[in-house]
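Look below for two forms of one protein chain, each set out as C-alpha cells: first structure 1, then structure 2.
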Structure 1
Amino acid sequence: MGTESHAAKWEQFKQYVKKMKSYEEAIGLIYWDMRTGAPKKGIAARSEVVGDLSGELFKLSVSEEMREFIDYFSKPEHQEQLSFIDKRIVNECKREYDRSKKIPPERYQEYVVLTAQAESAWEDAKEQSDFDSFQPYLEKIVEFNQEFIELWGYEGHKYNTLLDMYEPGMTVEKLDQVFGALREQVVPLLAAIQASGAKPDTGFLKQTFDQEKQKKFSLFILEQMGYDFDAGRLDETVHPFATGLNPGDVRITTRYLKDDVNSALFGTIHEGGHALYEQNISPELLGTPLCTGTSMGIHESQSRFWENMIGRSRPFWSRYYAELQANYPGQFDGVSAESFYLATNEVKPSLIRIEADELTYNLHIMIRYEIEKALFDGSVKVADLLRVWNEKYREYLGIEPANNGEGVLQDVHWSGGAFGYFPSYALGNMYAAQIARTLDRELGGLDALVAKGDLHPIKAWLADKIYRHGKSLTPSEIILEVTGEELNPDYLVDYLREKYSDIYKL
C-alpha cells in the first residue's frame, strides 16, 4: 500500500480517535457539572446520558473498525512510516482494545451493575459501620476481578494485571522492593518522632476562617503556582477534584471548612498540581488518547510535589506567611511563620488516610497494598478483612479503629472495584521526591526559588520534563529520562528523614 493511502488511512484513524476523545470530554463535563451544581431532579436522566455516551465510547474502542486500524498500523511496514508519537497512539488504542475485548460484554455489564449497587451499599455500610452488609458485594467484586485477570492474562503475580491498569509496567516484585525499603525507614522514623515528646502547637489552625477570604487566598496561591485561569476555574465541592477536559479547560474544586484554614489551602494546591500537569500537555497531543497524564502515580507525584514539597516547605511559608496573615487580619497575630510551618507538618498517626501527614500517609497505603495483594494471591479472604485491617493498623500505626466506618470501610475505592489504584498514592510520593532532587540540581536550588516566590520556573521545568509529554511516554520512561535512574525510594526516605529530623530535632 502506497504512502498516499497510508496517509489517508492515518487521517481516518486520527478522526476516529478524536471522536473518542470528544465522548470522553463530554462525559467529563457532565461529571464536573453533576458535582458542582447540577439540579438534583435532573440527575437520573443525566445518568442515562452518561450511560448512552459511555456505551458509544466503549463500542468505538472495541469495534471492528478499530481492530482494522490497529492491525494495519501494527504491521512492521506501516509502523516504520509512523512517528514516535503516532506509534504510541496506536499502542494506547491496542492496549485499550485488548483489555476491553477480552471481557465478554454481558459479564462486563453485570460487573458495572454490581459496582453501581456496591457503591450505594458501601455508603450505607460505612455510615452504620456495618462491614457484614458490604461483605457479599466485595466478595463478588473480588471474584469478578479474579475472573477478569484470568481473561486478561498475567505475568508473575496476578495482582500485576490490576496494577498495570493504573501504573503501566508496575509489578508486585517492584513494589515489594520499594515499599519494603520505605517501610524499613519510615517505621523507625515514626517511632523516633513519637519518642521525642515534641508536639508542635496547632491550636491556631483551628479558628473560624471566613469562606470568602479562604477562596481569595486559594486563588492567590494558584496564581502564584502558574495555574492559568483562562484555561480553568475553581469551584467548591464536598470532595475536591481536578478534571482535565482538554488542556485549555482544566477545572479544579476545593472545600472550605469554617474551622480549618489548611483544608482548602492544601486541597487547592494539591488539585492545582494535578491541573498544572493537564494544562501543560503539548497541543500536538490534543484529540488523541495521549492527551492525559501518563499514569495515576505520575499524576499524584505532581499534586503531592506541589502540596507537600512546595506548599508544606519552610521556604514557602517564609515567603507567603505575610500574605496569609494579611488575608486573615488579626487571626495570626503572635504566630510566627516558623510556628505555622511546624503546625502544618505535625506528625500524628491517625486512622484516616486522607487526613494523614506526609510521613504516616505512606503507611496507610502500604496497608492497603498488602491487603489487596493478599486478596489476589488468595492468602486473605474478604471474610478476613476486618481482622487483617485492624491488625495492620495496630502494627504500622499503633492504633486501631473504634468501628468499621473509620476502619476497613473508610475508602470508596473497593466498592468500585478499583483494586491496584492505592499504590499510586505512595508511588506519587516517591516519584515526587526523586524528581524534586533533579529539579533542585538543575535549577540551582529549589528552596531558593520557593523562598523568592519564584514558582514559575519550577512549573516551566516540570512542564518541559513531564507535563508536555502527556501519555506519550510511560511512567518508567519519564522517571528514567528526567532523573537518570529508575524509581528509587531512597529519595523519599532522605527527604522525610531530613525534614522530620529537623522539625522534631531528632
Structure 2
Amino acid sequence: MGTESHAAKWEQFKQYVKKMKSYEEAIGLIYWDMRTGAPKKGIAARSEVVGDLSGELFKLSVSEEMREFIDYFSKPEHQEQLSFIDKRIVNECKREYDRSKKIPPERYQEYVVLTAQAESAWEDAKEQSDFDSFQPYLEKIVEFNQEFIELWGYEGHKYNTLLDMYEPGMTVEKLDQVFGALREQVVPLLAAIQASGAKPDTGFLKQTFDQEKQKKFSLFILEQMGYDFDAGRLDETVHPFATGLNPGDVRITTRYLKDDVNSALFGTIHEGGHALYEQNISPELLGTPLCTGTSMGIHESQSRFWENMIGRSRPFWSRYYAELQANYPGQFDGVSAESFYLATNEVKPSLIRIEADELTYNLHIMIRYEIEKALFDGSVKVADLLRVWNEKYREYLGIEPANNGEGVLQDVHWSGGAFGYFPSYALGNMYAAQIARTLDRELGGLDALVAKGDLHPIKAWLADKIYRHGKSLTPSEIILEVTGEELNPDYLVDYLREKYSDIYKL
C-alpha cells in the first residue's frame, strides 16, 4: 500500500477511535449524574441506559473492523510510518482488544448494569450500615470478576490480572515486597508516635462549620492550585471523586461534614490533584485512548502530592492560615498557624480511610489489598468480609468499627467492581514522595514556593513532566524519566520519618 492509502487508513482509524471516546464521555457524564443528584427512582432505568451504551462501546472495541485496523498498523512496514504517539495509540487499542475479545459481549453488558445498580445499593447500605442488603450485589460482582480472570488468563496469582488493569506491570510479588518494606518502617514509627508525650492540641477543630463557608474556602484553594473553572466544576457527593470527560470538562466532588473543617478541604485538594492532571493533558491526545492518566498509581501520586505534601505542609498553613481564619470569623481566634498545622497532622489510628492521617493511611490500603488478594485466591468469601475486615483493623490499627458503615461499607470501589484499585493509593504515596524530591531540587525549593503561595510553577513543572503525556508513557517510563530511578519506597519512608519526628519530637 502507498503512503497516501496508509494516511487515509490512519484517518479512518482515528475517526473510529474518536467515536469510541464519544461513547466513553457520554457514559462518564451519566455516571457523574447518577452520583451527584439523579433521582433515586431513575437509577434502575439509567443503569440500563449505561449498560446499553457500554455494550455498544464494548462491541466497537472488539469488532472485526478494530481487528483489521490493529493487524494493519501492527505490521512492521506500517509501524515505520507511525509517530511515537501513533504507535502508542495502536498498542493501547490492541491491549484493550486482546483483553475484551475474551469476554462475551452479553456478559459484559450484564456486568455493567449490575455495577451501576450496585453503586446506588451501596449508598443506601452505607447510610443504613446494612451489609446484608449489599452482600448479594457484591457476591455477584466478585463472581463476575472470577469468571473474567479465567477468561483473560493470569500468571502467578489470579489478582495480578486485576492489578495490571490499574497499574500496568504491577504484580502481587512486587507489591508484597514494597508493602512489606513500608510496613516494617511504618509500624515502629507509629508505636514511637503513640508513646510520645508531644501530642498536638486538636480541641479547636471540634466545632460546627458552616457548609457554605466550607465550599467558599474549598473553591479558593482550588483556584490557588490552578484548577481551571472554565474546564470543570465542584459538586457535593457521598464519596468524593473526580471525573475527566475530556481536558475541557473535568469535574470534581467533595463531601461537607458540619463538624469537620478538614474533610471537605482535603477531599477537595485531593480531587483537585486528579483534576489538574486531566485538565493539562496535551491537546494532541484529545479523542484518543491516551487522553487520560497513565495509571491509577501515577494519578493517585498527584492527588496525594497536592493533598498531603502541599496541603498538609507547614509552609502551606503559614501562607493560607490567615485566609482560613477570615473565612470562619471568630472560630480560630487565639489559634496559631503552627497549632493548626500540628492539629491537621495528628497521627491517630482511625476507621475511615479517606480521613486517615498520612502515616496510618498506608495501613488502610494494606488491609484492603490483603482482603482483595484473599477474595480472589478463594481463601475468603464475601460472607466472611465483616469478620475479616474487623480482625484486620484490630491487627493493624488496634481499633474496630462500631458499625458496618464505618467498616466494610465505607468505600465505593467494590460496588463498581474496582478490585485491584486500592494498592494505587499507597503506590501513589510512594511515587509522590519520589517525584517531590526531584521537583524540590529542580525548582530550587518546594517549601519556599508554597510559603509564598506561588503554586503555579509547581503545577507547570508537573504538567510538563507528567500531565501532558497522558497515557503515552507507561508508569515506569514516567517515574524513570522524571526521577532517574525506578519506584523506590525509601523516599516515602524518609519523608514520613522526617515530618513526624519533627511533629512528635521523636
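All residue numbers here follow the sequence of structure 1, with the first residue given the number 1. Basically, rigid core = biggest C-alpha set you can superpose within 1.5 Å across the two forms. Please read these numbers as outputs of a predicted model, since none were measured by experiment.
- Matching the description of the form predicted on its own is structure 2; structure 1 comes from elsewhere.
- Residue 75 is not among the residues whose C-alpha shifts by 2 Å or more between the two structures once the rigid core is aligned; its shift stays under 2 Å.
- Relative to the superposed core, residue 456 undergoes a Cα shift smaller than 2 Å between the two structures.
- After superposing the rigid core, the C-alpha of residue 400 moves by 2 Å or more between the two structures.
- Core-based superposition between the two structures puts the Cα shift at residue 116 at 6.5 Å.
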